[in-house]
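Single chain ahead, written as structure tokens, the form predicted alone.
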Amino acid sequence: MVRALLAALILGAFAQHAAAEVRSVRMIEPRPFGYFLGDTLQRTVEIETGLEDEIVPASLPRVGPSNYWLELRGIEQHAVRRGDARVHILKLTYQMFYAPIDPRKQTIPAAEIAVRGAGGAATATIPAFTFLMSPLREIFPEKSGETAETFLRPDYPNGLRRSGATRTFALIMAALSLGLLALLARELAWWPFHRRPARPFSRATREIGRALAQGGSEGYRAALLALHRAFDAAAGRRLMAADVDAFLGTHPEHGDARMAVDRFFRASHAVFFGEGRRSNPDTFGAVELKELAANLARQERASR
């Protein structure tokens, strides 16, 4: 029996040592008088605990309105070590929105702070704080001859800021935006650029891509025809292989593509008029055809 009692006492001692320990709560309070509507005050709390103990964050007072006249504006928290103890320092900043008509005592209510240790929890109590608030004016100012025009202060005048630099920057950005919009309208042929010169090679590039996607000799033939129609549209008439030199003379922007254009016309003649080339058009491949059309379209856009 004695052994069992002794063991229970030893276990209890260990449990008590492992649980959270609140050794002291020290308050550093502001002055208890001389506060007006809108003033702030700061309370400092020093909670001394065991070295490994922590404050439970959820138990701290919530920032925001506490009641209709009091608001907790912020909490600053840090901890320092003092010997074998840990001191948790809390700075609570309050703001008052009470407008008394005579000196009036107000009280910030007490709060409970939970402290957590390895083997349990404890509670530290922040005591209430009572202070005196003062009115902004007399209860009956008219008895001393004052009126609303004399004891009410005028509104604070709004400062005027110079807006010249901001206005100039806004005008520059607006002009730049209009310029970019005009370039976009020209590229997409919006009004008033909807009657710009046609771009047959740009249109042919898209048609060639669709035709070659079909595959086979028929798709290749359709792609060749699409580029032929582009040459016809650019020249304003049917363009044959013998007319290439004259065409490049009137369209010098395509001069760099002369060799590829000659090979295109030779390949086209072989496909449409040659013997045994209808199903195997390998003299001018699909990749080369697409590259030629894209190159002609770039030159066309650069010249217009």
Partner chain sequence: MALDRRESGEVAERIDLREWRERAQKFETEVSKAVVGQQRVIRLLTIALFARGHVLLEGDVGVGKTTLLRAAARCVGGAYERIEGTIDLMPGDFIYHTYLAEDGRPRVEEGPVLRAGEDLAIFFFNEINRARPQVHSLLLRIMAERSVSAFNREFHFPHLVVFADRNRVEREETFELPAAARDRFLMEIAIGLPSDDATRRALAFDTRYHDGDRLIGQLEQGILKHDLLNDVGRAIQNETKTSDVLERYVLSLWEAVRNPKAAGIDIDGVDTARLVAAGASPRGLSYLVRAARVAAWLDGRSAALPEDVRDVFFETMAHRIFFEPAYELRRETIVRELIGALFDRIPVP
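Numbering follows the first chain given and starts at 1. Rigid core (definition): largest C-alpha set, two forms, superposition within 1.5 Å. Only a predicted model underlies this, so the values are computations on that prediction, with no experimental measurement involved.
There is another form of the same protein, the form predicted in complex with its partner chain; it is not shown, and what comes next is about it.
**Message:** For the interface check, one of 228-236, 71-79, 178-186, 96-104 should have non-hydrogen atoms within 4.5 Å of its partner chain in the predicted complex; which one?
**Reply:** Answer to the contact question: 228-236.
**Request:** Using a 4.5 Å heavy atom cut-off, state whether F272 contacts its partner chain in the predicted complex.
**Result:** It does: once its partner chain is placed as it appears in the predicted complex, F272 has a heavy atom within 4.5 Å of it.
**Request:** Using a 4.5 Å heavy atom cut-off, state whether D243 contacts its partner chain in the predicted complex.
**Result:** Yes.
**Message:** I'd like to know whether R137 contacts its partner chain in the predicted complex, with contact meaning heavy atoms within 4.5 angstroms.
**Reply:** Contact check for R137: no, nothing within 4.5 Å of its partner chain in the predicted complex.
**Prompt:** If you check in the predicted complex, is K91 within 4.5 Å of its partner chain, heavy atoms only?
**Reply:** Judged by the heavy-atom cut-off of 4.5 Å, K91 is well away from its partner chain in the predicted complex.
**Cα displacement of L92 between the shown form and the other one reaching 2 Å, rigid core superposed** = Moves: no, less than 2 Å.
**Message:** For H269, does the CA position differ by 2 Å or more between the shown form and the other one when the superposition is done on the rigid core?
**Reply:** H269: C-alpha displaced by 2 Å or more between the shown form and the other one.
**Message:** After core superposition, I'd like to know whether A226 moves between the shown form and the other one (criterion: C-alpha shift of 2 angstroms or more).
**Reply:** After core superposition, the C-alpha of A226 moves 2 Å or more between the shown form and the other one.
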